[in-house]
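Starting off, we have a lone chain in the form predicted on its own, written out as structure tokens.
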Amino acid sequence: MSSDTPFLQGIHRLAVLLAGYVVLLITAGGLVKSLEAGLSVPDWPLSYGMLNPPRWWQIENVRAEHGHRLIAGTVLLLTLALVIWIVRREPRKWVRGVALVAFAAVLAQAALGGITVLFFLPTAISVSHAGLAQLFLGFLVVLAVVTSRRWVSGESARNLAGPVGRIASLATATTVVIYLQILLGAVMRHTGAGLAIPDFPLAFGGLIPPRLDFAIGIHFAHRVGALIAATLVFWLLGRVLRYASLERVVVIPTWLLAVMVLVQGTLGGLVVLTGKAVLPNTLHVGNGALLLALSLVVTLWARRLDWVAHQQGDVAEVEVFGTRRLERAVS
């Protein structure tokens, strides 16, 4: 299978760089919350009436908040550059559309960040700010994957040995569950429920809390969600190793996903056991974003491999996500 879509290496590299930089931005946002530094700079979009207040790096909370703003500003500029580049050079209309949606998302994210400060950290806005950040990361991951050399070359899967469509479906479910788990974590964090259950791995010394209120309920739901997400990740790893064990574009991110989910569980436990110490609390947020990105990478490639796995028998050329593939003709 061949493709007329050119490989634009510069666009691909910038998309990968920007996706990684957004993981850093989300981690920096986690640091702001870990330090409860969201109002350490009380105005917006300026900081104490200036673009860059003097000696801002000397005060920990101001350093965290203003540093977060500087990283966010850089992300905005890089996103603008990426979108302009894609709109001018990318022939696939749907990819240009994703780029424009990503830019709209980063603008909305900046606005939510400002509203969060100006209205003194309302929970609904803070959670929305966290959720939209993850969606924005997802758009960038899509752009990074679909501008890669293998994607645009239309290279066929060579080592498939089973129902790859099931891998794609399981990967999609895993990605959705991880995103919902991140939203649960954001609600827990922004409602002060991070220590509502003070022990780990048990809950008040048992498997189930002896009583429930909102804080305990949202905290326990987050723990249950973590178990579900971890189960899906290792189930996915098993399927990938069985049916696509030589397809590196799927296997490598799936292995990384499995390792990072163990790291995430460890960090979650440390958050509780250390009384929400800044380092594990912050890394827990950043690693959550990395989990979502890896799961989405697996999902995209699994679906891609599922498409090319149907290139046998009587076929007809069709377009799927802007990429040519061959599909069995219907008689």
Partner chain sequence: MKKISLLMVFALIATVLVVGCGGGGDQAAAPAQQADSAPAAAPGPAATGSGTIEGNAKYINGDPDAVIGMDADPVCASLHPGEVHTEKVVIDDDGNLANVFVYVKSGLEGKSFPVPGTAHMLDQMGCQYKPHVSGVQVGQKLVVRNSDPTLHNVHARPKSNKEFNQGQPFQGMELEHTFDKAEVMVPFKCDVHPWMSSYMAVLEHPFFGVSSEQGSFGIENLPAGDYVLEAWHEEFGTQTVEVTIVDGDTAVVSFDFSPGATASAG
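Residue numbers count along the first chain shown, from 1. None of these values were measured; they are calculated from a predicted model.
The next section is about a form of this same protein that is not shown, the form predicted in complex with the partner chain.
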Answer option from A124, L212, V224, L77, heavy atom within 4.5 Å of the partner chain in the model of the complex: L77
Just one of V263, L279, L39, L270 has a heavy atom within 4.5 angstroms of the partner chain in the model of the complex, so which one? L39
Sort through 280 to 288, 301 to 309, 47 to 55, 22 to 30 and report the only stretch with a non-hydrogen atom within 4.5 Å of the partner chain in the model of the complex. 47 to 55
Although the partner chain is absent from this view, report whether R248 comes within 4.5 Å of it in the model of the complex, heavy atoms only. no
Considering only heavy atoms, tell me if I84 and the partner chain come within 4.5 Å of each other in the model of the complex. yes
Could you tell me if R89 has a non-hydrogen atom within 4.5 Å of the partner chain in the model of the complex? no
